[in-house]
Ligand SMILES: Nc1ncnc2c1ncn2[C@@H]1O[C@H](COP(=O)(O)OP(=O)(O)OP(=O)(O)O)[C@@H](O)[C@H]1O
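For reference, the chain that follows is the form predicted on its own, supplied as structure tokens.
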């Protein structure tokens, strides 16, 4: 029986699809301008250079520019045609990129009056992505916490957030995580009363004084023991991953651990710090040249850090990958985030 508690709706079940389809990675950010598309393009390129069959999909229909980062001219057929129901076969939207093993589904020519796909269309999109002939499918998400962005993040095998060491980026990352968590919980809970309680908690100025997921858990425990158990299990399986981009100092490197600590202490959410990407003018030059830096200069410091993160993603076994669909009956205890790699040359230590 397909679960009705999954964010994508009654006709989609991520837990059954993982074993037979490509691994789905969603890369997002709490706000625009954090380097999300740059990181997505380069992780895809690094995975492809490692011999993996990769499809990268631009689902940012209102700000599509992934094709530019990959050196692909504006294509004639894109995801916008799928959204508008002019094309149902995602395979026909695949475009070759200059890199071997890497194909693209772009998102140009969208309908700006109605860019986001309907709920049913998102379900069909996700089902179609799971059927592509690939080892990895990477989604370049739009900024913000629109329902479609949250759903893509939640149904992925790994939801990855890119954050920059600046206050607005950090603040928006917490906002995104909180929104994703509550959306996941509202859809996972069975009891109508508890679902209503989650809805109340989504208002940060709610009259019940619920400020965090842990506050919400205490409220649920007082009303429904079974739902409280379901809440805890769902909380444990929700495990986003973090990448800190544009690192300049040792303090910037520590940001990933700080965000993970805050999420654990105040939200009760385990997040994994995948690693950081140092600031490098070579990266800016690669964007201007419309080539991923890992392809343009594979020996550059920034490329080495991106390739290291890609290797971590490849090394995750299916049991370690954080399937963010319906919570399983048993979930292994979270492991602490990895220690950061040594600082690249040129990054100051204070």
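Residue numbers count along the first chain shown, from 1. Predicted, not measured: the structure shown is a model, and the values here were computed from it.
Not pictured, yet referred to below: the form predicted in complex with the named molecule.
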*asked:* Checking a candidate spot here: are 171, 176 and 242 all in contact with the named molecule in the predicted complex (at least one heavy atom each within 4.5 Å)?
replied: no
*Can you say which of 182-190, 231-239, 127-135, 244-252 gets within 4.5 Å of the named molecule in the predicted complex, counting heavy atoms only?*
244-252
*Tell me, yes or no, whether residue 106 is in contact with the named molecule in the predicted complex, where a contact means a heavy atom of each within 4.5 Å.*
no
*Report whether the minimum heavy atom distance between residue 280 and the named molecule in the predicted complex is within 4.5 Å.*
yes
*Verify the contact flag for residue 33: yes if a non-hydrogen atom of it lies within 4.5 Å of a non-hydrogen atom of the named molecule in the predicted complex, no if not.*
yes
_Residue contact check: residue 143 to the named molecule in the predicted complex, 4.5 Å heavy atom_ = yes
_Contact assignment for the named molecule in the predicted complex, among 61, 300, 309, 287, heavy atom within 4.5 Å_ = 287
